[in-house]
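Taking the form predicted alone, here's one chain by itself in structure tokens.
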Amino acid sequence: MLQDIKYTSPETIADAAALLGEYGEDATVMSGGQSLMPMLRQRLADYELLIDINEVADRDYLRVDDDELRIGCLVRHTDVANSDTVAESCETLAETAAEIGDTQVRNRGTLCGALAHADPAGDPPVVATALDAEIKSQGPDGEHTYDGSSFFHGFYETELGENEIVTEASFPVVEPPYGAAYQKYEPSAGAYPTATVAAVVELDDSVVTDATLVTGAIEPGPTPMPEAEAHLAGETPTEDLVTTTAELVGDGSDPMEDSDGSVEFKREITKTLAKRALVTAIDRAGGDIE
């Protein structure tokens, strides 16, 4: 049973931010509510005021401006998954959105809401970290912009300031010589993933000039793998190089043991996911694996 809670639906982000400023920790923002509502039902969270931003106009846009894919805070996962614009400009993001949760979650949940929620097992934070998405917010003192690569701090913690609301996420257009891919293992359809890996590579004449590898779900938040990235950079992709890089990702991870698996299991599945993500990212960048 839900606790008693006041409800309001302001028509502007500024009004919503003002309410956050007024109520502080006693208020929360809802866009899709797919993570928030279960927490309220289970009484894992306690708020006096629920601020529903779904009545705010013109926040459901999804477009490409200046090589940036811009997604408003009321864009649903299913909109991202089914958008030709996303498929053409950032294929990995469309694929990721298509595999989030179940149909209900995708139909109601929002990309920006998932970024703000920062669930350790969430899919969008890992992709946003790997692609260094630009995350914009609005608070009582105006607008702010954060780098996706440093936005997430661990269990449900982000750079987001007090009383700020995520208003937009911008992803770079990914096309050759860049390539990106995201892989995950989930124990059953619709379940939270046990382990995830995102890979982004840049090629120059078949040589990897830059690489980003980020794990998710196995640690408190998206976790870059600098040793594996350095192992790949400056090299021509080969089967052996991709395999050893993936092994470095798994061996360099620090998984949490829980009901989904042991530390050893999660490291091994992470190696497999890292290799699959790298193979796909290199292919999308226009490269071949010798």
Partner chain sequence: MSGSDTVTIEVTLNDRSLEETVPARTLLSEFLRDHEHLTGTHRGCETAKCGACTVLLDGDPVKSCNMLAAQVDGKELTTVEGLMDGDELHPVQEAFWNEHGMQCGFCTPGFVVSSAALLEEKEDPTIPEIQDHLAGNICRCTGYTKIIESVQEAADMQQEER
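Just so it is clear, the model here is predicted, and its values are computed rather than measured. Positions refer to the first chain, counted from 1.
There is another form of the same protein, the form predicted in complex with the partner chain; it is not shown, and what comes next is about it.
Proximity of residue 253 to the partner chain in the predicted complex falls outside the 4.5 Å heavy atom cutoff. Using a 4.5 angstroms threshold between heavy atoms, residue 223 stays clear of the partner chain in the predicted complex.
In the predicted complex, the partner chain sits within 4.5 Å of a heavy atom belonging to residue 10.
Although the partner is absent from this view, residue 41 contacts the partner chain in the predicted complex, with a non-hydrogen atom inside 4.5 angstroms.
Only one of the listed residues (64, 233, 241, 30) places a non-hydrogen atom within 4.5 angstroms of the partner chain in the predicted complex, and that residue is 30. Here is the short version: of 105, 121, 87, 160, the single residue with a heavy atom within 4.5 Å of the partner chain in the predicted complex is 105. With the partner chain left out of view, the stretch that reaches within 4.5 Å of it through heavy atoms in the predicted complex is, among 148-156, 124-132, 97-105, 203-211, 97-105. Interface residues of 34-58, taken as those with a heavy atom within 4.5 Å of the partner chain in the predicted complex (partner not displayed): 34, 37, 38, 41, 42, 49, 50, 52, 54, 55, in sequence order.
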